[in-house]
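Presented below, as structure tokens, is a lone chain in the form predicted alone.
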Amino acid sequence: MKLTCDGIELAEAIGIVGRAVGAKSMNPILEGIKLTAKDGQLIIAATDLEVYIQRTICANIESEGTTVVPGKIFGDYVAKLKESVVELALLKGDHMTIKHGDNVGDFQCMLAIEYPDIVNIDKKPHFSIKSEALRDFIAKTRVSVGQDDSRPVLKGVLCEIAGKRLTGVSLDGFRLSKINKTINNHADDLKVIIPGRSLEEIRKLVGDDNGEVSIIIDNKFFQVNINKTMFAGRLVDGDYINYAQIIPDSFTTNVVVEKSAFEFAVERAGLLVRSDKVNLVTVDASDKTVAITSNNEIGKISEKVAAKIEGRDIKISFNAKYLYDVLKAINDEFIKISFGTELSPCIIESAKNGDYFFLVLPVRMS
């Protein structure tokens, strides 16, 4: 195996693919990146058996071949290359050299035959979605994805397709996110759970343009092809929680407030209690004003934001981080916050756009 390629393209490809490299895996081969040179291309791939990433770049190939290089050190080395042209050569079957200018790096390789197959679903896309819509879908659902290994279904986002509508739901026991998006070229209706980690990796791959991303769904995997990158991930197996029964259907207080003003007020009040175990801020809605306060042995912070309030006055406490994370995911100018009782969850949504909402649980005070 011997080839030359663009050093910048190689570094970019290794950086993307390297996110699928298994860290301290029980199987050392998963800590590697597979390189395959054939048909005028260098195919770079990695997997930890949960996600699979493959990127293809153009190369001037003198001799074809395949090998597995040590992922982390190889990636760190390539990321620091400055030359536009580099030469890769596999020597004696187990050493890869990288020549750039007058410099040479030499890396011990592993046997490619031991590397697991990269998932590549050969079927038509199940649906397509605008890049901008997909980025927004991921940004709003990632907020509430669970992190508890004992509840694996909550580490994913429930994706329901009905007609031309894609609904995404995530919840972590403290927050719930729900969003609807319009899709194109859809096939059958379905319901799958996509890991939050996989969606986050896709978010990094989707460009800033407003093109379309096609998504392929198989029995156990899903796949997207973006530019020269193929990303595949394993679907979460199991039944999702019946989230509809968590969402309140009546409220006693509705507040409309400027999102940025409320967000900054929560952030400033949260500064005082960010190291506290509960991280508590209190929201007091009354007399055309929402007051956000925090206090502990260090001091007290009180922030006030003008608001339109309908219904009874309410005073309710939240974990500042849960509240702030939700607000950060919203890009509307004005938001509507709906409250029930001091012990029931509130709903935060756009004051105009009804395509999404967030549910946040309050902190029960003794």
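Don't overthink the numbering: it's just position in the shown sequence, from 1. Definition used throughout: the rigid core is the maximal C-alpha set that superposes within 1.5 Å between two forms. Model, not experiment: these values are computed from the prediction.
Another form exists, predicted in complex with another copy of the chain; not displayed. Remarks below refer to it.
**Q** May I ask you to choose, among 243, 221, 251, 264, the residue with a heavy atom within 4.5 Å of another copy of the chain in the predicted complex?
**A** Looking at 243, 221, 251, 264 one by one, just 264 meets the 4.5 Å heavy-atom criterion.
**Q** Just to confirm, with a 4.5 Å cut-off on non-hydrogen atoms, which of 166, 272, 235, 90 contacts another copy of the chain in the predicted complex?
**A** Selected option: 272.
**Q** Taking any heavy atom pair closer than or equal to 4.5 Å as contact, tell me whether residue 312 reaches another copy of the chain in the predicted complex.
**A** Residue-level check for residue 312: no, no contact with another copy of the chain.
**Q** Is residue 302 close enough to another copy of the chain in the predicted complex to count, meaning some heavy atom within 4.5 Å?
**A** Because a heavy atom of residue 302 falls inside 4.5 Å of another copy of the chain in the predicted complex, the answer is yes.
**Q** Counting only non-hydrogen atoms and a 4.5 angstroms cut-off, does residue 192 reach another copy of the chain in the predicted complex?
**A** Although another copy of the chain is absent here, residue 192 would stay clear of it in the predicted complex, with no heavy atoms inside 4.5 Å.
**Q** How about residue 136: is it within 4.5 Å of another copy of the chain in the predicted complex, going by heavy atoms?
**A** Heavy-atom contact with another copy of the chain at 4.5 Å: absent for residue 136.
**Q** Every residue in 126, 130 and 280 with a non-hydrogen atom within 4.5 Å of another copy of the chain in the predicted complex?
**A** No, the candidate spot makes no contact with another copy of the chain.
**Q** Given that the partner is absent here, state which listed stretch (71-79, 175-183, 221-229, 137-145) has heavy atoms within 4.5 Å of another copy of the chain in the predicted complex.
**A** It is the stretch 71-79.
**Q** Pull the contact list for 93-109: residues with a heavy atom within 4.5 Å of another copy of the chain in the predicted complex, in sequence order.
**A** Contacting residues: 100, 102, 103, 104, 105, 106, 107, 108.
**Q** Honestly, after the rigid core fit, is residue 306 moving at least 2 Å at Cα between this form and the one not shown?
**A** After core superposition, the displacement of the residue 306 C-alpha between this form and the one not shown stays below 2 Å, so no.
**Q** Is residue 296 among the residues whose Cα moves by 2 Å or more between this form and the one not shown after superposition of the rigid core?
**A** After core superposition, the C-alpha of residue 296 moves 2 Å or more between this form and the one not shown.
**Q** Rigid core superposed, CA of residue 276 - does it shift 2 Å or more between this form and the one not shown?
**A** Shift at residue 276: 2 Å or more after core fit.
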